[in-house]
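Let's start with one chain on its own, the form predicted on its own, as structure tokens.
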């Protein structure tokens, strides 16, 4: 049987975010397919691989091809038997959410509070709201950096931001033990992608608490200016989910923002695997 050829189609004029069709991620040993997907991920920053039918084991196996997987600190939101999978879901069991119902409701990059933040995240849509709500917005942080004024680029050179995970979620908060494993880390506000060499802004929404070495007012003003700069249609792609989508974003050069939906009427159930990265430089 002849295998279908992988097709890559950019979904924005800038080339940020691309759609991949003709792939079957269950073909774990298909080297040509893997190389095409890896190249697209590096070239476009975010990709959506359409029409997948993955078991948890298959999603984990594909994700591991990009590197070791992180185990999220929220143990109760991990899939039973598959700790590599964080459930992003408003489903309940015994009166409790099985996953994170409110994950990512602000601009951020995954696990920026770690010493080695996530290289990439792979989010697989098992169930989506019937009305088509619950989009995810993605921001091209390499393009946002490139568009900064020379004066701002000079100002940011050498500055570092402190990232800490200490906020509460809907109906639960971090335990003392979980918080004890999350001291937070400072990372450069501009990082260089180790594989492409491109520079990108590296921000974190409510995870990024302050700019190291600046007074509070100056830090707040600088971060507000940077977020306002990034919140421009020129840098943003709004992804509308379809069941079977697997979206793979590069946390080293993007931010994302999960949009709300009517969680009382609709189910949104997804599985996320996260590839560990390196210390930002």
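Numbering follows the first chain given and starts at 1. As the structure is a prediction and not an experimental result, all values here were calculated from the model.
Separately, the form predicted together with a small molecule exists; it is not shown, and the next lines address it.
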- Note on the structure: Note: exactly one of 103, 119, 125, 73 sits with a heavy atom within 4.5 Å of the small molecule in the predicted complex, namely 103
- Heavy atoms within 4.5 Å of the small molecule in the predicted complex: does residue 258 have any? yes
- Query: Can any non-hydrogen atom of residue 136 be found within 4.5 angstroms of the small molecule in the predicted complex?
  - Reply: yes
- Item | Contact of residue 191 with the small molecule in the predicted complex (heavy atom, 4.5 Å) | no
- Wondering, does residue 272 line up within 4.5 Å of the small molecule in the predicted complex on heavy atoms? yes
- Message: Within 4.5 angstroms, counting heavy atoms, which one of the listed stretches 250-258, 229-237, 60-68, 47-55 is next to the small molecule in the predicted complex?
- Response: 250-258
